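Just one chain is shown here, as structure tokens, and it is the form predicted alone.
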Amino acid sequence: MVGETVIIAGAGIGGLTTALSCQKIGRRVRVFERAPELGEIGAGIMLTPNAVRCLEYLGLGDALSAAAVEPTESIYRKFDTSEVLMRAGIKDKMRETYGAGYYLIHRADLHSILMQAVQANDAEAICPGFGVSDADQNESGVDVHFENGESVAGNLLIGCDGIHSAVRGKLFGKSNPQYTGQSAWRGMVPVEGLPESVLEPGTISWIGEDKHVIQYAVRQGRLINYVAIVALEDWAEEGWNRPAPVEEVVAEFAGWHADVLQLLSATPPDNCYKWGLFVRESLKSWTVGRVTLLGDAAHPTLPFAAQGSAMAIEDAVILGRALASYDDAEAALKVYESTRLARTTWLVEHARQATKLYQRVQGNKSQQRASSVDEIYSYDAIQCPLGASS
């Protein structure tokens, strides 16, 4: 199978990790991205040990440690008094317990690390300006057609094109997204001028009733990334890149602790965004012949467990392992799917239930957090048996 081209739709985190995973086993890849230019939005990502382990396996350990922040601890605080509800060590404990670190990184920085690694293997691997419109497959391969009128032939097609996946629509028909009743604001705030109390090291989760805010530092501590999520009944449109006035998010959190309000108020006017959180009906299968889905295209999830990108990264490693282990392309894709289906289904449901942890002041937060952390972080996509439900 060496030399046969794997076609990847989407050059986001999942698509680029998939490309790198396939290159690791000697496969030629072509990543087609709808956007005319490559890049990522200004948002932060929590890379938990299960994801970091995969990225280190793909050779990105040094680049990650240079670009990311490794938090000292995770702290949950009560929304109005700042009372500590839970405190858990991170920096040394993660690697000691799970064999990999826990990193906070700017999404654009991770995207750049992945892109450079893929292009270092093959300068022509990534092709911007190509949005998938259709695909036809036969016994020997897949013909992929693009919105610009061009086509390309390959051995496999991997749909890494997100929650609006054209590949998913081709395989299983279009489905309407469902609003979850949660809306979020995000922002990146320079640390200059912020009080010391806002710059507390680690990840800070402010817990309120039907609301929560998560904040953490990226880019060597120069920026504070936050996500502020609220239970709201109505939302008019899907998407997560809609500019929003800073005053809107500040007003939504009126009555919260001064540290929260100072952070939100300091958001640059052009760096505050609002989006509604949507899900799609879960799929019982992602694969048809030589075409499969990966990441949000297969299993879109809510951000409450910080596992959206992690699931795509795990998917990519398992896919590469399956392709290396099976000469038959269709069999490899089925093994990839069967290995991942139970894990991702559980994580999607876990993220749905996590509002009880983040948007309820009552309850033992240490106990609630611990009930799932080990199962999430200990998963090893590099060593787990292929074909086994995990």
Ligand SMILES: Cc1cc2nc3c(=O)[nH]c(=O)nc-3n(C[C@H](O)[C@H](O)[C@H](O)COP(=O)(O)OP(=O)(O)OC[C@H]3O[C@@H](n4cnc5c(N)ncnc54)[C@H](O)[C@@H]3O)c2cc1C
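Sequential numbering from 1, following the sequence displayed. As the structure is a computational prediction, the values presented were derived from the model and not from experiment.
Keep in mind that the form predicted in complex with the ligand is missing from the display, and what follows is about it.
Engineer: Give a yes or no for Gly308: in the predicted bound form, does one of its heavy atoms lie within 4.5 Å of a heavy atom belonging to the ligand?
Structural biologist: Heavy-atom contact with the ligand at 4.5 Å: present for Gly308.
Engineer: In the predicted bound form, does Phe130 have a heavy atom within 4.5 Å of the ligand?
Structural biologist: Contact check for Phe130: yes, within 4.5 Å of the ligand in the predicted bound form.
Engineer: With the cut-off set at 4.5 Å between non-hydrogen atoms, does Tyr336 touch the ligand in the predicted bound form?
Structural biologist: No.
Engineer: With a cut-off of 4.5 Å between heavy atoms, is Lys211 one of the residues that contacts the ligand in the predicted bound form?
Structural biologist: No - in the predicted bound form, heavy atoms of Lys211 and the ligand never come within 4.5 Å of each other.
Engineer: Within 4.5 Å of the ligand in the predicted bound form, heavy atoms considered, which of Gly162, Gly141, Pro71, Gly276?
Structural biologist: Spelling it out, the residue with a heavy atom inside the cut-off is Gly162.
Engineer: Here the chain is shown alone; which of Glu200, Asp122, Glu147, Glu247 has a heavy atom within 4.5 Å of the ligand in the predicted bound form?
Structural biologist: Result of the distance check: Glu147.
Engineer: Pick from 153 to 161, 203 to 211, 252 to 260, 168 to 176: which stretch has a heavy atom within 4.5 Å of the ligand in the predicted bound form?
Structural biologist: The contacting stretch here is 153 to 161.
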